[in-house]
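Shown below, as structure tokens, is a lone chain in the form predicted alone; questions about how it binds or moves come after it.
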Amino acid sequence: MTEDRVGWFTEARFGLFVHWGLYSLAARHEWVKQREKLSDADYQRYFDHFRADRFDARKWARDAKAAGMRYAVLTTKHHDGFCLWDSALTDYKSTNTPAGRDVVAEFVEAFRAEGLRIGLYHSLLDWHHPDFTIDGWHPQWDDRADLGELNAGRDMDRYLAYLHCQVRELVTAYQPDLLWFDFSYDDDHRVTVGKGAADWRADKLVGLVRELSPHTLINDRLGLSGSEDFATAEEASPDTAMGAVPWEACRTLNGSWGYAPGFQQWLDAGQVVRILVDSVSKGGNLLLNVGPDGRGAFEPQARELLAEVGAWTELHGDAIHGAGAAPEFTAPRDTRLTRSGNRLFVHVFGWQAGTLVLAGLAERVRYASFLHDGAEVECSVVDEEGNLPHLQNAGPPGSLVVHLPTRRPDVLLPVIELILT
């Protein structure tokens, strides 16, 4: 990992994840083939009816940019093995469906035209490929059956050649800014028969990517320690920073990665903004997922939510893009701090008319204002006895006291900008 390679990633802070494929027609979660133990024949109906007639990558890209996102990651192939680009290595691809379209090519062109970085998700698993050996996550897994009989005629070496050649295709054709592999699962990862780094020949896969596209970032899901440029935290923001490498929290909007209208555990825009801020305040990114429907459109609720988040990031982007953690300062209760250069941002999660006390900042703050409109915010300094002119025991001596107005600003999350000396 080099700073030159990851610099854009830590600057961006906010990205779009898109899970779209044949499972979007099933509309019952992207793992529907495994969960319902569907055979290839059962699953074929989704291939036969994949029209993508409402798929518009330019609209996706405009929605993402308007939300304040700076990069986007698309599922090129999920665990079901269906490919969204015109791979020369398989017939199981979007160009052979009624849609007849290279989705990845359209995605890359549209998002780069809007100035967004592009990432490609690629599953290490493939439940369609005849040589991918049956393991604990495979739809055809049967823990009562003999493993040798289950895998009779399957050759993992042939599958690995396919996997590596497809990665070569993607990297050569699109020179992605990042590759989001998914996922390694050794025998102790919720299954008794799994696959790890050695099974994927992960070292050779990393070497291939580094040779073909040295600037491309690689995530941490190959199971090969030390190979990752960034770490991933699924459906969670860690309590603390995740270690030596940059990281992102990847989150769904409604409880499912793929389109599933039956999953209605929707976040609201305020929750999304708080998750984003919480991640940045700990030095991380947020990769927010949208699962387009079976015809390729974002759900209206998802588009509305992205627009609401965008209205906030338009005014508060300086506290997100290019900002990061401020570990040298202690955040007041129910706030988060982010910092960019000499600008310290106080994100006020819980609004109460009163004061915020920031220890040790009295001599370091030149000016305070709300970020959304530039309105000055009144501040005081705690004296040597811990008092303010009209308030005793206001805080530790030398603390800065920010006086909050009675009326909460009409934004999803108020942010106070402090200019430091």
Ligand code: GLC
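Computed from a predicted structure; not experimentally measured. Position 1 is the first residue in the sequence shown; the rest follow in order.
Separately, the form predicted in complex with the ligand exists; it is not shown, and the next lines address it.
This chain is displayed without the ligand, yet in the predicted complex the stretch 181-189 from 274-282, 194-202, 181-189, 109-117 comes within 4.5 Å of it by heavy atoms. Under a 4.5 angstroms non-hydrogen atom cutoff, the ligand in the predicted complex has residue 121 among its neighbouring residues. Proximity of residue 314 to the ligand in the predicted complex falls outside the 4.5 Å heavy atom cutoff. The ligand is not shown here, but in the predicted complex it comes within 4.5 Å of a heavy atom of residue 250.
Taking non-hydrogen atoms only, residue 298 never approaches the ligand to within 4.5 angstroms in the predicted complex. Here is the short version: of 234, 146, 155, 334, the single residue with a heavy atom within 4.5 Å of the ligand in the predicted complex is 234. In summary, among the residues 93, 138, 221, 128, the only one with a non-hydrogen atom within 4.5 Å of the ligand in the predicted complex is 221.
Along 64-102, a non-hydrogen atom within 4.5 Å of the ligand in the predicted complex is carried by 78, 79, in order along the sequence.
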